[in-house]
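The chain below stands alone, shown as structure tokens; this is the form predicted alone.
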């Protein structure tokens, strides 16, 4: 099929029409005429694979990555970073306009377009691989241009080691995380393995730990020394530089306030809020390992004004909702439950900070709040070259 791309969708893909049916085409740009091959057909729309660009946009640039448009990791290597940010801003504006809201949106760019990502998830398919761009099979890779250099070095060494030890069939996928100068490798295995990983660590040339996770159990396989490290399963923002800017923004609101930090993870933001003058912080976190890390952090820095509470925010927030002045939520991509939103509405808090990596669930949740209204929205581009971005929003009680 051939069609003209006239718009872009909420995931940054090109949009055209085929026989009056909306067609979404990943990697196509507005104004381009393209040849496509349908890959998913639905009642009111279809998704198609880009086969050829017969009339390219003057905004199209050559992608630097040899896997681009085959690997499913990136969306925007074929346009300039300035154009990418403009698209992301328009995507968020459209979501909020659907709710009848039209706040001014500012954009904080990433200092690095490439080599910023401190975590990757690689599947095992006769090598280390990412999902393909169209959801069928995998694309074996040697390196990822948006990952940090030390992670790419780790990918190269690990791939050779797993091949030599014939371990590919025993591993489902691998997560590699870099925290400052430390590498954490977590092997999600089909069955317990016990290869010579201690000797392997010497090839990495950096501090590192290797774990294996079988089912819900994570155990240490090898360590370069006795240093402490975060749990390999703990949540950390993937772009260190942008995360620092985001948290500075959040912490600027903390002085003198009692704060509920919902979905608080390992407690890093809770500590920063206290360092910036917060009066008291409640850290609400469901995960057992993250809660324990937050407790260790509290003990290490003697944070008497931090109270970590383990449990689902839907159950824990109601117990403190009348004691807080500022609520911070940074939920998973699915957003907040109705119970959490109801607790926010019913709380004594005058301010709400909602942080999100999913513009759709963010807009939905903001629309469901009855007693708060947006007064500030800013995009922090945590994920350059992808269609994802982080949203900071400040809301005040009506």
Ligand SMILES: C[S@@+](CC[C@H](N)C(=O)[O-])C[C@H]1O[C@@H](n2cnc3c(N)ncnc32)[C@H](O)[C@@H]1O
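Residue numbers count along the first chain shown, from 1. Since this is a predicted model, take the numbers as computed values, not measurements.
One more form of this protein should be noted, the form predicted together with the named molecule, which is absent from this view; the next part is about it.
Only one listed stretch (360 to 368, 60 to 68, 330 to 338, 36 to 44) carries heavy atoms within 4.5 Å of the named molecule in the predicted bound form, and that stretch is 330 to 338. Under a 4.5 angstroms non-hydrogen atom cutoff, the named molecule in the predicted bound form lacks residue 293 among its neighbouring residues. Among heavy atoms of residue 235, some come within 4.5 Å of the named molecule in the predicted bound form.
Interface residue remark: residue 204 is not counted as part of the site for the named molecule in the predicted bound form, having no heavy atom within 4.5 Å. Contact annotation: residue 278 falls outside 4.5 Å of the named molecule in the predicted bound form, judged by heavy atom distances. 247 is the sole member of 247, 81, 173, 138 with a non-hydrogen atom lying within 4.5 angstroms of the named molecule in the predicted bound form. When you look in the predicted bound form, the only residue of 111, 256, 311, 196 with a non-hydrogen atom within 4.5 Å of the named molecule is 311. In the predicted bound form, no residue of 35 to 54 lies within 4.5 Å of the named molecule by any heavy atom.
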